[in-house]
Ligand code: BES
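Only one chain is shown below, in structure tokens, and it's the form predicted on its own.
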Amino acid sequence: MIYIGHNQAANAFVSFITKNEEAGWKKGEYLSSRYMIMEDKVELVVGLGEEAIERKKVANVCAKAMKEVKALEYTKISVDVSNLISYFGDAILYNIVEGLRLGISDLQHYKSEQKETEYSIYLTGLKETEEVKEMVKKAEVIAESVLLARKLVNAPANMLTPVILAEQLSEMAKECGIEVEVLDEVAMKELNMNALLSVGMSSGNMPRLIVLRYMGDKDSKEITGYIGKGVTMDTGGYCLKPAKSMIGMKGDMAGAATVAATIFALAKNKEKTNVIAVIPACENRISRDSFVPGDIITSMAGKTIEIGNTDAEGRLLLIDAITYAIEKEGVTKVLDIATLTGAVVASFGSVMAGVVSNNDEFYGQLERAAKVTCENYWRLPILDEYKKMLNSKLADISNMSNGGCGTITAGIFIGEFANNLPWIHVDIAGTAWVDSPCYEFQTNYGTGASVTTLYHMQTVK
């Protein structure tokens, strides 16, 4: 829990410096630290780097401080944020709280012996106004939602089937006051959601379409549809993945985890906005009924699709979910997010997500939100030449490019089903999962990427 105000009972005191403010401190090097232990207390100082520090470093340096204190086994921590507040203003509290909370979090595990440590963090050097207190409270909710996304992504496939995911999200939704609806395979078949079912019916664990509705702005007719890929296990189908590539595929539902965690945070913080999350949840496995390359299926939108690769299944789920969000939920703009392509990892590694969008204004919302969260996104072009790579001689469109450019063509494929609404596609295949942390506020595996950005897309004007 994070509190505001100095606490004399704290046994760890943390501060940040930007330059040579103490004897023996050479330059205030970024992430460098030193501490002094006196009886049962410790004073820890962490460097912020050069005097002109960047906002994106704040969460990282705060997480670094928490890891240092945690290693020393102190649990009551007073953090002086006066330097950060004076430099950036109160808005930096979102980044501060995120870094502090994520910095003390541990990797989720399933060992028989569990040890949970409770931490109390006190923020000093800031105004104790109601506005600031509310900001800290909201920031805590957002940070906890990032941890929820990580928990879902890290869950083993045998413990998080599509049905179990639907049950868990339904319970969480009720606690947040969010309206929830779950469609089973029969209901989806009646809606002709054949693209989703072609993938999901190959498993003994039946697919589910999970709909979460948060209508926090009754005065607005604008509704954002957040569509999250929910493949709880992806073997690749008959285009089978190699064994080494399959171990992390329990996390192929990171898009679903992201949109669910985001809408829960928006509801808990009572933000004035309307968001409907649609999550197509299924497994991509092998059975005698599995779809195979060369099949032609018909989507909910009525377009026919030639299957070029059964491991390009995520886009099939997403297009039926998008059609559902538009036709049945009346969303006015659409953002889909998915761990979709290996190509985006090859291009941007684990530090940047690829984006395809048909609307500058809507994409501007993402850019403004990313300036608050300091997550990295790169917009990719839509060209007619790329669209032609999805041409099929036998169907309306192919699910696989015939000319490479995998991240772009995957996005364009999905965009063909956006019905000309403002639309954004976000590929988080690189950022949603890391074998080794890129930042101090990460742990191994699930990162909770894009939860903070999708949240602030609804709050930053």
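Quick caveat: nothing in here was measured; it's all calculated off a predicted structure. Start at 1 and count along the sequence shown; that's the residue number.
The protein also exists as the form predicted together with the ligand; that form is not presented, and the subsequent description refers to it.
For the marked spot (Val259, Ser357 and His456), a heavy atom within 4.5 Å of the ligand in the predicted complex is absent from each of the three residues. Between 309-317, 213-221, 84-92, 193-201, the stretch whose residues reach within 4.5 angstroms of the ligand in the predicted complex through a non-hydrogen atom is 309-317. Proximity to the ligand in the predicted complex, defined as a heavy atom within 4.5 Å, singles out one entry of Met249, Val79, Ile96, Ala369, which is Met249. With the partner removed from view, the residue among Ala267, Leu160, Ala343, Leu126 that has a non-hydrogen atom within 4.5 Å of the ligand in the predicted complex turns out to be Ala343.
When the ligand is considered in the predicted complex, Ile408 lies well away from it, no heavy atom lying within 4.5 Å. Put simply, Lys189 is far from the ligand in the predicted complex: not one heavy atom of it is within 4.5 Å. Remark: Ser145 does not count among the residues lining the ligand in the predicted complex, judged by a heavy atom distance of 4.5 Å or less. At a distance threshold of 4.5 angstroms between non-hydrogen atoms, Arg208 is out of contact with the ligand in the predicted complex. Contacts with the ligand in the predicted complex, taken as any heavy atom within 4.5 Å, map within 384-417 to Met400 alone.
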